[in-house]
Every structure is written in structure tokens, then in C-alpha cells.
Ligand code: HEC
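Here you get one chain, nothing else, as C-alpha cells; it is the form predicted on its own.
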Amino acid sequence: MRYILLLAAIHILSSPALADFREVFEREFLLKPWAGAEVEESVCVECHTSEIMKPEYRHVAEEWKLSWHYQNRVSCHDCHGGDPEDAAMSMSPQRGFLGTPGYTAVPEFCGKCHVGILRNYLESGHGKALKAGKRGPNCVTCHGSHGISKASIEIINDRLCSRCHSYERAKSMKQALFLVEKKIENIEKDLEDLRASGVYTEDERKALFRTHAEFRALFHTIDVSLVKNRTDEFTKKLDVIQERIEETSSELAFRRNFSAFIMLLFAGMAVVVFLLSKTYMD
């Protein structure tokens, strides 16, 4: 009878933990894909990696597979249009196919998705230089075309920026961006740590993505004063996200400590039951 009561107590005390585990399990595994949907192979990729493709174009698909676009399931037809499932119509204008855009058309080409960035770029010194003399930098100048990596302030560097002007101008912008970018980097790491611990962080990730995207769009104004003036605004937004992360981390630490306490309690109860049973038998 004593053992039955002990098992019942263990079950009752551990039920909240089991409920929490079920909730996390459902959110992380049952209600969403484990690793996201993979980008399906298309006739575009098949053709560009085949022997019939000119060597100078054969690298395109391989570069894309290493890109930030590929990781976020942005495929060839998302940018270039056409039909990725029909070889005969893959490059058909009737299916919306657009080949390599002209140099001055690149911003609008990329701006189909990056709307906020396009708007700020066109009003910036870079955009005005491109429009006026057709020699200003476009998106590809800084980011590349198919092997696009995740945006980072490291793209602002002496080697790249000094191709068009002195690095001192770009360096002042990088310094203005540093505080917010560093805070974003730290939050991303904290979110990854929580996710590795089995904590649902999707809401915080979405909030961080929106804030980050807005800040990146602001950068494309190439206006150091504007970036500095709005740094506090973005810092406050990030502080709100950070506070939520810290609250979650504190709750997680409490649950771990509580679980350790319960385990010790169970162990103590087991010892007491064992001693009582020995005494009773004696």
C-alpha cells in the first residue's frame, strides 16, 4: 500500500512537467516541420548543372545552393519567373521569365521582394548616382548575385567600399550601425540557446526579424545622421525582445531547479520508505 501511495504522489507531482513537455513537443515537432520544407529541384537547376550548359553559367546553381536565398527557400523562378517544372516553357516570357537584368534595372529586380530597401536605396546617394550617371553601385555590387550570404555589417569593408570612394565615409556608417547590430547578434544567440533547450521562441524570432529588417532598410539610405538619430528607437525595440528572453530564461532556470528539488524529494521519500519498511519488517 505504501508503494502504491508513493507512485501516486510521484505521478501527481510530475504532471505539470509532463504537460509542459507535451506542449513543447507538439509545438516543436507535431505542429511544424522539423527542418522546414526543402527547395525542390527544378529544370533551371538541372539545366545549369548539366554538361550542355556553357561553363561560365554552370556555377550559378552551385552558388545559389550555398546562399541565404536557398536557406530561405527562395528559388530561381521567384526572382527570374518562368516555369521551373516545364523545360519547354522555363524561359518563356508568357510565363513571366526575366533573364539577367540590365545594370540599372537591378534595384527594381531585387526590389520586388525587398520593397523597403529599394525605397530607401533610390533616395540614397548610391541610388541617385546610379540614376544620374549609370555608374553608381547597385545591389549586386555589394551583395553579389547568386551566392548571396546573410546580410552583415562586415559587408562594409575597405576592400569593397574603396572601389568607389574612400573607406572613411563607409567606416563612419559602420560605426553608426555597430551598437544595434551587436545587440541583434546577441539576441540571435540567446534565442538559439533557448531553442536548443526545447523552448518555443517563434514569437520572439518574428519580432526580431521585423526589427532587423526595418533597421537594414534604414541603412540603405546611406545617411549616417539618420541612422544615429534612430539608434535609440531600435535599441528600445530590441530591449523589449531581450526582456522577454530573459523572463523565459529565468522561468526555464526555475523549472530546472524545481525539477532538481523534486528529484531530491523523491529520493528522500524513497529512503524514508525503505527505512520504514526495514523497521516494520524487523
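The structure presented is a predicted model; accordingly, all values stated were derived computationally and were not measured. Residue numbers run from 1 along the displayed sequence.
Beyond what is shown, the protein has a form predicted in complex with the named molecule; the following relates to that form.
J.: If the criterion is a non-hydrogen atom within 4.5 angstroms, does every one of 53, 80 and 224 touch the named molecule in the model of the complex?
T.: Affirmative, all three are within 4.5 Å.
J.: I need to confirm a contact call. Of 87, 179, 207, 194, which residue comes within 4.5 Å of the named molecule in the model of the complex, counting heavy atoms only?
T.: It is 87 that has a heavy atom within 4.5 Å of the partner.
J.: Might residue 234 be said to contact the named molecule in the model of the complex, defining contact as any heavy atom within 4.5 Å?
T.: Residue 234: no, not in contact with the named molecule in the model of the complex.
J.: Does at least one non-hydrogen atom of residue 252 fall within 4.5 angstroms of the named molecule in the model of the complex?
T.: Residue-level check for residue 252: no, no contact with the named molecule.
J.: Though only this chain appears here, would residue 183 touch the named molecule in the model of the complex if you measure heavy atom gaps against 4.5 Å?
T.: Because no heavy atom of residue 183 falls inside 4.5 Å of the named molecule in the model of the complex, the answer is no.
J.: So in the model of the complex, is the named molecule close enough to residue 241 to count as touching (4.5 Å, heavy atoms)?
T.: Heavy-atom contact with the named molecule at 4.5 Å: absent for residue 241.
J.: Within 149-168, which residues come within 4.5 Å of the named molecule in the model of the complex, counting heavy atoms only?
T.: If the 4.5 Å heavy-atom criterion is applied to the named molecule in the model of the complex, 149-168 yields 149, 150, 151, 152, 153, 155, 156, 160, 161, 163, 164, 165.
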